[in-house]
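Before any questions on how it binds or moves, here is one chain, the form predicted on its own, in structure tokens.
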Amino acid sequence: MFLSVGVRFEANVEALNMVETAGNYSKHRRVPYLVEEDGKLKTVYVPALSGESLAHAYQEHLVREALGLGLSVCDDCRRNEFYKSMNKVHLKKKVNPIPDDPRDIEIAIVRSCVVEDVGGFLYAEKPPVRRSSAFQVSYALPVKSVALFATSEPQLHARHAQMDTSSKKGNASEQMIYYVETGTALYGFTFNLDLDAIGVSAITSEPILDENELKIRREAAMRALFRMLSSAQFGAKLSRFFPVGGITEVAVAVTEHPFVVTSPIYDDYIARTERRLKVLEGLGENYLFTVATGEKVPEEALKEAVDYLREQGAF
């Protein structure tokens, strides 16, 4: 089974993805963006959240859900440090001595850690072993029709310290001014999850785990997505820049084979996704498509997808 989710969320005065600090200035991630204005195409720079940032948040939630279900998570991932068995130092924590056969290395890692099973890894030693992530996530970008209203603006802040003559050193100031660049936009991003890839070898395509373990891991992967969207716990600087706004729309498609919802940066993404699914239906493929707009809340749409997957025997 394959799950694809399109998410739109409004975020005002957010600092979810900061990329560099120059002096006392922290800069928000921005990307070039192609938009149409007065019948002409133009490139503008808009605030954005990287897929890497969203993927890190999802895997943090996956750690919590996996541990809650009694599943295996390696020590590195438990600390939310996703080294992913990148070399001998980290792999030896899971299997020692390290096998010579790439298939045995993959089996040892997958059995030892749900996060590396779902999120993939690259063991960059000899022999190298690569496992693709079972989930995919796009950048979060402003919705096309209102992208020109997206903004990045620095906000002035100050820190203070009380210093008497005995504690003051050199020209140290009692007040430090700094700027945090905040973004405001209606964002859209896409999240995909290939449930059939969880617990299955990327080398042989054979199951590594028994059916019961596979189902529990799939459930953990779904729970992590549910929690991430429901709690809005993704991105940086949430402690003082928690975005003002929230999820405005969610579109969820569950299909037998890979299918990706039309990107939510387009205003007609729901209608276009429905049309594309009707074509698949005509070819004999069953699916679920549910959206949360207006009165339905995102959690209700996600719950429908969970119930459908359970009915289909995914977990």
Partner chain sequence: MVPLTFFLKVTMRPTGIVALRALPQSKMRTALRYVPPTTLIGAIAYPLHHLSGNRAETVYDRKTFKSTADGVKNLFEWVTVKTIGKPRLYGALLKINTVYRGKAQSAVTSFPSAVMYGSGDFTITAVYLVNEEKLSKGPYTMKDLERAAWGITRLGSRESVVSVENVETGKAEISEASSAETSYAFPFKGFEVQGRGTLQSVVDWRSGIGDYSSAKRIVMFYPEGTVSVRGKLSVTTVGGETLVLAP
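Positions refer to the first chain, counted from 1. None of the values given here were measured: they were computed from a predicted structure.
The discussion below concerns the form predicted together with the partner chain, not included here.
Chemist: Tell me, please, which stretch of 215-223, 233-241, 108-116, 192-200 lies within 4.5 angstroms of the partner chain in the predicted complex when heavy atoms are compared?
Modeler: After filtering at 4.5 Å, what remains is 192-200.
Chemist: Just give me the single entry in Leu67, Ile247, Val35, Leu288 that has a non-hydrogen atom within 4.5 angstroms of the partner chain in the predicted complex.
Modeler: Exactly one residue meets the criterion: Val35.
Chemist: If you check Ala253, Ile265, Ala57, Val63 against the partner chain in the predicted complex, which one has a heavy atom within 4.5 Å?
Modeler: By the 4.5 Å heavy-atom cutoff, the listed residue in contact is Ile265.
Chemist: Give a yes or no for Glu300: in the predicted complex, does one of its heavy atoms lie within 4.5 Å of a heavy atom belonging to the partner chain?
Modeler: Close contact is absent here: in the predicted complex, Glu300 is far from the partner chain, nothing within 4.5 Å, heavy atoms only.
Chemist: At 4.5 Å between heavy atoms, is Lys84 in contact with the partner chain in the predicted complex?
Modeler: Heavy-atom contact with the partner chain at 4.5 Å: absent for Lys84.
Chemist: Can any non-hydrogen atom of Asn80 be found within 4.5 angstroms of the partner chain in the predicted complex?
Modeler: Looking in the predicted complex, residue contacts with the partner chain do not include Asn80, since no heavy atom lies within 4.5 Å.
Chemist: Leu91 versus the partner chain, in the predicted complex: is there a non-hydrogen atom within 4.5 Å?
Modeler: Heavy-atom contact with the partner chain at 4.5 Å: absent for Leu91.
Chemist: Suppose contact means any heavy atom within 4.5 Å; which members of 1-16 contact the partner chain in the predicted complex?
Modeler: Heavy-atom contacts within 4.5 Å come from Phe2 alone.
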